[in-house]
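Next up is one chain by itself, shown in structure tokens, the form predicted alone.
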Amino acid sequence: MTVLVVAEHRRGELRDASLELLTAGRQLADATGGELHVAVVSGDVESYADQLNREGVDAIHTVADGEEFNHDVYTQAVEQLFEAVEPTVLLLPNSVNGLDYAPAVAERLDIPLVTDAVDFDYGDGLTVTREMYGSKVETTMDVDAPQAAVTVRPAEWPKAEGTGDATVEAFDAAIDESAVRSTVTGYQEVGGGDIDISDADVLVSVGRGIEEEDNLDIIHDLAEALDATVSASRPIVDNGWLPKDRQVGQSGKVVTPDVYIAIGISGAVQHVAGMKGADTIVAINNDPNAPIFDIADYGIQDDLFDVVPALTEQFS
């Protein structure tokens, strides 16, 4: 069985989701002793290929058409790569871009598409695990087809490491320019902000325990002392205290920082779904039964209005 992964990049940088896809793809290929192929489309494909050449990758296909993501170019390129490689499973990131072209590719290839996978296996056939009802229930779907496309939720698999010896080949996709009906003219973050919390190495995240908007000052002070970025759980955003692009969670962004400091956040499953991929989680909460402590590496059970200023003083 061959697995074909399509990498993702943005504004000249390979996305972490690409390396997570390699791990997920290798897991699936190992289930049948198969090969893992990777495709990268548009931009500086040679540089991306070097970064994607990790342990366990058998082949990398580069498509040097376009500079940034374009729905029509990706749809045509991935469709043609799929027909050339003939994989059993096509893996795509469950991202804004991935969900943009995945349905079009699946429709053109007449293969089933399963989105937002958090696990899968291959026995008698492909089975895909998804979460439902706010991540409270897991469902396993049997895919009754010889080939399928699956989008993979970010942060569910670790990033692939090591150095590989994959073959790197340029793929000459026959892009029909008359069918390219969209043009990328610029880039703008959703919400108009200039900070992408999904790229932050250290996040200081605040929840309803902060009580009032004016109290956010102590959070910003700590973030400044740590050279960190401020994010939030949904109640803070719903109150209009921070913009939507700072929200972490199922209805916000998925983040994978080196350090995630959860302040006054209870740890509802919807929030945890967005930050559980952090390398180190620090929780500050005065409720010893708060679920956030179940996943925290370090926990401080105390009043955040005492702890946060003390930390700021320590790190300033």
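From 1 onward, residues are counted along the sequence shown. Everything quoted here is computed from the prediction, not taken from an experiment.
Although not depicted, the form predicted together with a small molecule is the subject of the following passage.
- The putative spot formed by R26, H37 and V57 is not touched by the small molecule in the model of the complex; no residue has a non-hydrogen atom within 4.5 angstroms of it.
- By the criterion of a heavy atom within 4.5 Å, R234 is counted among the residues contacting the small molecule in the model of the complex.
- In the model of the complex, at least one heavy atom of G252 sits within 4.5 Å of a heavy atom of the small molecule.
- Although the partner is absent here, D287 is a contact residue: one of its heavy atoms lies within 4.5 angstroms of the small molecule in the model of the complex.
- Using a 4.5 angstroms threshold between heavy atoms, K159 stays clear of the small molecule in the model of the complex.
- Segments offered: 208-216, 162-170, 139-147, 70-78. Contacting the small molecule in the model of the complex at heavy atom distances within 4.5 Å is 208-216.
- Of the residues A64, V259, A268, A31, just one reaches the small molecule in the model of the complex with a heavy atom at 4.5 Å or closer; this is A268.
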